[in-house]
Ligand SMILES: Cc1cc2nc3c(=O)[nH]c(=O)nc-3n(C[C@H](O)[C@H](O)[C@H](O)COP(=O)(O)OP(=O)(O)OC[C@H]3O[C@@H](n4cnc5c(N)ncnc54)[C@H](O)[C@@H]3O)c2cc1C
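Have a look below at one chain only, the form predicted on its own, in structure tokens format.
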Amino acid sequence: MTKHILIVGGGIGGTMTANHLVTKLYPEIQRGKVTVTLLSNSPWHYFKPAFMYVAFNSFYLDELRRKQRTLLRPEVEFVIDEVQHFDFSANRLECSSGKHYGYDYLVVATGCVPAPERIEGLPEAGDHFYQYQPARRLAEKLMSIEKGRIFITVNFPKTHNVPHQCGIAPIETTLMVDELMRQRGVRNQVEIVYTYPTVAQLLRNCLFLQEETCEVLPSIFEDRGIHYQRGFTLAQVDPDRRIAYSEEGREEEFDILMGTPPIRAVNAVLNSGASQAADNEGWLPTDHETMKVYGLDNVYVLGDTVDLPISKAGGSCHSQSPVVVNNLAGEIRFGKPVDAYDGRVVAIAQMGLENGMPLWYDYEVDVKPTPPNKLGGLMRKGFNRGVYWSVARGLV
């Protein structure tokens, strides 16, 4: 009997997993024992980390996307549709087209979405770089400001021990803003302020909380004249007066409010009934090792949809995907999962417009910051401009 593996989500996690499954299960696929389907709501695959660079006019739309079909092995069936409802008890899902898709094994890789509407006034007055159009609007503001105050905030999910999207991104962009203002010759007229909540939901690997990171990052900010402060948890924004208010009772004026917005799971996951996440955020309860959804023996999840205490970033997917693939192969061949995820995340942080800083951590080992340098910047640029697409195709 043919086993059908259905992957939902055309981001890096879903794309890598589909391609690696074909490689791992090629004998079974050739004999017609296994089929692999990737379902996405778009014909395009977007290199989402590049949205950050859009805000600095370093990437444009056609540079950061490829046709999804061109990234997939020919053995992968590709379907363009949008999931409306997961029926886990019946092993099928319903899509906006009205079609239903069944599965023997399901992989949920639907990512997360910015939800600035969860903070009063933030949609009207705030800017972010986690989607293409908002990043373009931010780029226009950063290129036109001559004097004033750029106020940067970080907002965590309400769910305990779940991080905001891409943990290092707020610091990356803060340093990039500093260099951009220097290049434009207006740095002396532009104040840059980086703020961080009093209480971060993530207990470990939380920037500005770990001792080693605390020793490195503040000194980098101080050398550049970037002000920073703990104890600012964004509560609401007054778009007319251009004031950000914190839960701690503080007020901060701004000319540009660059925020890491609240995030949530996509609607279909949010409404699936499988999540117990706080504030209706929708994160799926994930086994830290097998990457299965708790209570659903044939459903795996990876990427930004998990409730794990590790970064919601592509660097997590790169380590999670092989585990999901190995466990699916183990279930089909031996009747049980055979691999375990150790929480590994590997990335190169963009520390300014040219420098890069390799970093890595896992469930047991905290982030180990390394000195930013030009070589790290070249490695990041090489990944952005070419290596990423090989990773998506399952070649690296």
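All of these numbers come straight from a predicted model, not from anything done at the bench. We number the residues from 1 along the sequence you see.
Omitted here: the form predicted together with the ligand. The next part is about that form.
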query = Does every residue of 127, 230 and 255 put a non-hydrogen atom within 4.5 angstroms of the ligand in the predicted complex?
reply = no
Assert contact residue (the ligand, in the predicted complex, non-hydrogen atom within 4.5 Å, options 370, 35, 41, 58) equals 41
The one residue among 190, 72, 142, 313 placing a heavy atom within 4.5 Å of the ligand in the predicted complex is 313
Only one of 247-255, 291-299, 217-225, 77-85 has residues with a heavy atom within 4.5 Å of the ligand in the predicted complex, and that stretch is 77-85
(message) With a cut-off of 4.5 Å between heavy atoms, is residue 12 one of the residues that contacts the ligand in the predicted complex?
(response) yes
Quick one: does residue 111 come within 4.5 Å of the ligand in the predicted complex, counting heavy atoms only? yes
Taking 4.5 angstroms as the cut-off for heavy atoms, does residue 165 touch the ligand in the predicted complex? yes
Residue 51 near the ligand in the predicted complex, any heavy atom under 4.5 Å?
yes
